[in-house]
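What follows is one chain in structure tokens, specifically the form predicted alone.
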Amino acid sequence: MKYAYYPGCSLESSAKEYDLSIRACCGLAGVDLVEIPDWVCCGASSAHATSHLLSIALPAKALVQTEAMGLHQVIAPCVACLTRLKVASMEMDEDEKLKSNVEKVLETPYQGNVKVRNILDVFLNDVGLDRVKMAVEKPLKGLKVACYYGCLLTRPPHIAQFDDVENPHSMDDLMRAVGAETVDWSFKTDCCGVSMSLAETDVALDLTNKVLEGAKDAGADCVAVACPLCQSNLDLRQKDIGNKFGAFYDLPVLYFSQLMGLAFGATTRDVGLEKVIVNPFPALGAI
């Protein structure tokens, strides 16, 4: 199974552990990732707030590069990148004039035969739960995980085209496949407020507090995410939340791929566990 791989800006910097853990999981599960050479930023969110043509041309470049590699599927783990690549693909399919304008900007024709994939989708439907279970060397037995999808992974539905928009289960299925117990809770698709972190910090803290409170009340040992923005917000804001609300959760927020990688036998360094702010090792001590 070979896919073009678009890491995007976050996975090259603040979410490096997401990149490390995805590569580790894919290597151990037999998924061949080929990073797009000289990829550029997808433009989220600065481009689509200023220029529609630029907001399509930037992610379209990754699609064109994927075609040039002779591949027809590209994985974009960052949810913001995933959305922008999907939007570019869909809008060019529907608007021939826009497609032509993008081709002029890129000075390259686009055939339109690239499918943009969600990394959860690949593990769930291409690798498959049976193969995931076979790859497990250290089951996450005894670990209670709150799977947090956030507001963008399944929305807008006509773009995401992934999982149940209100009650998704893909991450839960994968976590159970590697031996963890997933908790039933009401905040798995609520917004964490990351887009308002700077402009309306109090609003962001309130929303993040509700998500963390929901996970803690459900008995979770940690929160699993698939979005760099959600991870950084839920992880970094816990001290501020404690100071404002008097609620000190001390709840590790990990990428689902970090947990899968550990279950597959990868080391903590392989999956970048030391990069997480809230210390995850006490919660993981049981496994």
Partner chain sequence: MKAAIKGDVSFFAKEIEAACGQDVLTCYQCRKCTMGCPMAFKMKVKVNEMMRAVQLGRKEDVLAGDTMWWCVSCETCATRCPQGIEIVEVMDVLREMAIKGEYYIPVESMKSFHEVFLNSVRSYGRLYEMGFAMDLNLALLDPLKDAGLGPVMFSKGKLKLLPHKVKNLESVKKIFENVKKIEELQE
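Because the structure is a prediction, the values reported are computed rather than measured. Numbering follows the first chain given and starts at 1.
One more form of this protein should be noted, the form predicted in complex with its partner chain, which is absent from this view; the next part is about it.
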Query raised in the report: Among 43-51, 217-225, 26-34, 66-74, which stretch has residues with heavy atoms no more than 4.5 Å from its partner chain in the predicted bound form?
Result: 43-51
Requested in this report: Report whether the minimum heavy atom distance between D19 and its partner chain in the predicted bound form is within 4.5 Å.
Outcome: no
Report task. May I ask you to state whether W39 is within 4.5 Å of its partner chain in the predicted bound form, using heavy atom distances? Result -> yes
**Report entry** Interface membership of G128, its partner chain in the predicted bound form, 4.5 Å heavy atom rule
**Finding:** no
Query - its partner chain contact in the predicted bound form: S197, any heavy atom under 4.5 Å - result: yes
Query raised in the report: Among M92, V132, L207, M175, which has any heavy atom within 4.5 Å of its partner chain in the predicted bound form?
Result: L207
Report summary line: Taking its partner chain in the predicted bound form and a 4.5 Å non-hydrogen atom cutoff, the residues of 97-121 making contact are K97, N101, K104, V105, L106, E107
